[in-house]
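Only one chain comes next, encoded as structure tokens, the form predicted on its own.
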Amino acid sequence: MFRPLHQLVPLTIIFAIAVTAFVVGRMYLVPETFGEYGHYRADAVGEVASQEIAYAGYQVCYDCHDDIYDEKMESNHSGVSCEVCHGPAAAHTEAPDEVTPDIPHGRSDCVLCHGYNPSRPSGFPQILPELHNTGKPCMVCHNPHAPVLDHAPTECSACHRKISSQKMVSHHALLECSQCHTVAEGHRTNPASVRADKPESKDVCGSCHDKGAESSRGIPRVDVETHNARYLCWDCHYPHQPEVVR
């Protein structure tokens, strides 16, 4: 026989315990100033305001270093605050003759942004620190306030490290990028505005892989016209690591 009281009593007890725990928690666990200015502890405002100021802000640097500031604002580092590299500078701005900001001299600071990381967007300058001018501080070649060199990169890997790393361990390792891509000179100095051309037909792949191509022995051959005729080669094969079939 169904007896609702047998269920009601335990539920009532559980509800009473929950209400009691909530009331006790509000009395003893919630900070006194919680909720005065919103859903946070009001005392936190005063605690934060009482902390010693460490960062001055990049605008203050302009008062004494306007020449460097202007140079940086015209460079690829225009969006990087001075204190990102030089550390908190509030003490320096208050007593410039007594407190000197940090001046990076090694390689560790630069690789925080420019060390190879596959999650970074293609085209962002990245290096492998153990291979790129090993032992030399970055400042030997690059001016941190205007880091772009006065000559264009000679290797595509300077900006396309992820693709270069993949190609390096594939059967296409010895191919020059320009064998498949038409790269205008302006792309090396202004890659955002001048794009490198990508192949649009199977002829590029066929120059090496077609059964009638004049290429080295041992290269896989197919009849380009009939081999998966409805598709382009890169619909199935990733060009930078072609042995991986999608």
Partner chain sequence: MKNNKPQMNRREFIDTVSRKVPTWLAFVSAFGAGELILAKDSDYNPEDHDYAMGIEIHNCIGCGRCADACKNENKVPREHSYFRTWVERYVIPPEGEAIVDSPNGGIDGFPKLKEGTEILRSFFVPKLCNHCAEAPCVQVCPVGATFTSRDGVVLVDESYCVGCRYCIQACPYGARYLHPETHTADKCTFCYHRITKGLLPACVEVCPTGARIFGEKGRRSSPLRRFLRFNDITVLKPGLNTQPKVYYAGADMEVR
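Only a predicted model underlies this, so the values are computations on that prediction, with no experimental measurement involved. Numbering follows the first chain given and starts at 1.
Keep in mind the form predicted together with its partner chain is missing from the figure; the text below concerns it.
Problem - Touches its partner chain in the predicted bound form: His181 (any heavy atom, 4.5 Å) - result: Output for His181 is no: heavy atoms all beyond 4.5 Å of its partner chain.
Practice task
Verify the contact flag for Ala56: yes if a non-hydrogen atom of it lies within 4.5 Å of a non-hydrogen atom of its partner chain in the predicted bound form, no if not.
Solution key: Ala56: contacts its partner chain in the predicted bound form.
Handout entry: 4.5 Å heavy atom contact, Val84 and its partner chain in the predicted bound form
Key = Contact check for Val84: yes, within 4.5 Å of its partner chain in the predicted bound form.
Practice task
Would you check, heavy atoms only and a 4.5 Å threshold, whether Ile103 touches its partner chain in the predicted bound form?
Solution key: Taking the distances in the predicted bound form, the answer for Ile103 is no, it never comes within 4.5 Å of its partner chain.
Exercise for the section: Determine the residues of 175 to 192 with a heavy atom within 4.5 Å of its partner chain in the predicted bound form and present them in sequence order; the list may be empty. Expected result: The stretch 175 to 192, when checked against its partner chain in the predicted bound form, contributes no residue at the 4.5 Å heavy-atom cut-off.
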